[in-house]
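Below, in structure tokens: the form predicted alone, a single chain.
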């Protein structure tokens, strides 16, 4: 397992097909250590496939994927040990209590018992789950389930976080804690990849943003660079996104709906 790496993520000429559908088309992307990166795109643009390739869950037909210096094709298990992942729709074992599930996750990552219990208690307190950790997950609200999924991703101190819609269903206090926590982790060299449809969050949190469209990386850069690409010098990310992806005919669609 490599411990020395220049970049947290390197995708070179990556293409993934599902039969005749080209889900990701010749993707090149490099992420630095300690970067908070937003991966955006309409439904079906290739975002989820890209994230799954980083996790070694899906293999590309062409190109190479390296995560934390590890070849995702050769050693996907090593990557999973170093990465924290919170999917858009987490599948939790709802027949377990919250504490049983988190204890199980800690064991999977080989955490020592004292460290595991200490960190679980810290997260339960910070995310206001104290007193409910002994309840069955099936009784939790969607927001509580999302908190458990995030704790599962953070618990083993990963070097890379892959978060798909991480603020789904969270109350404003918890959402703010998560956003501030990601900034603190950034200072420690932890890289975060965040996929979200809430563009205001991506604009506020991410150092750089990649916009995928029809399997290709349509645009890449910080906000100022994206504004220049779109020739929209004072616009927010939502307007830039709609223009670059060719989905900016919102007014005409709304007018048609109200006829």
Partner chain sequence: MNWKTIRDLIGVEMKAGRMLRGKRLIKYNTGRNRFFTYLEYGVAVAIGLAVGVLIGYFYNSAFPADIQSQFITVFANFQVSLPTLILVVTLVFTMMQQFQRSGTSFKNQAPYWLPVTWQEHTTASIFSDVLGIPLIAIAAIAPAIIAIAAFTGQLPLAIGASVAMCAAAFTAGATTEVFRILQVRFTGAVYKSSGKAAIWVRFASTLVFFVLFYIVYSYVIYGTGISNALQAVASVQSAAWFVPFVWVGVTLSYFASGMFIYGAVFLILSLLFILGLFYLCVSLNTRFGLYEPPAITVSSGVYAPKTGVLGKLGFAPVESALLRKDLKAFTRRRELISAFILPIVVIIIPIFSSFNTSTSSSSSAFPTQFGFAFTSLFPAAVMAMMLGNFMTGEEGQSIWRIYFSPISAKNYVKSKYAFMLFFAIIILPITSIVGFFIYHPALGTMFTLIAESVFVVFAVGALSLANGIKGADFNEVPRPRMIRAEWSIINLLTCGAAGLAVLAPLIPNVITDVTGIQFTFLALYQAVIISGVIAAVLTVIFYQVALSNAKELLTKAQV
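Note that the structure is a prediction, hence the values are computed from the model and not measured. Positions refer to the first chain, counted from 1.
This next part talks about the form predicted in complex with its partner chain, which is not shown.
Although the partner is absent here, residue 216 is not a contact residue: none of its heavy atoms lies within 4.5 angstroms of its partner chain in the predicted complex. Within 4.5 Å of any heavy atom of its partner chain in the predicted complex lies no heavy atom of residue 226. Put simply, residue 186 is far from its partner chain in the predicted complex: not one heavy atom of it is within 4.5 Å.
Residue contact with its partner chain in the predicted complex: residue 59 places a heavy atom within 4.5 Å of it.
Taking its partner chain as it sits in the predicted complex, the stretch 129-144 comes within 4.5 angstroms of it through a non-hydrogen atom at 132, 133, 134, 135, 136, 138, 139.
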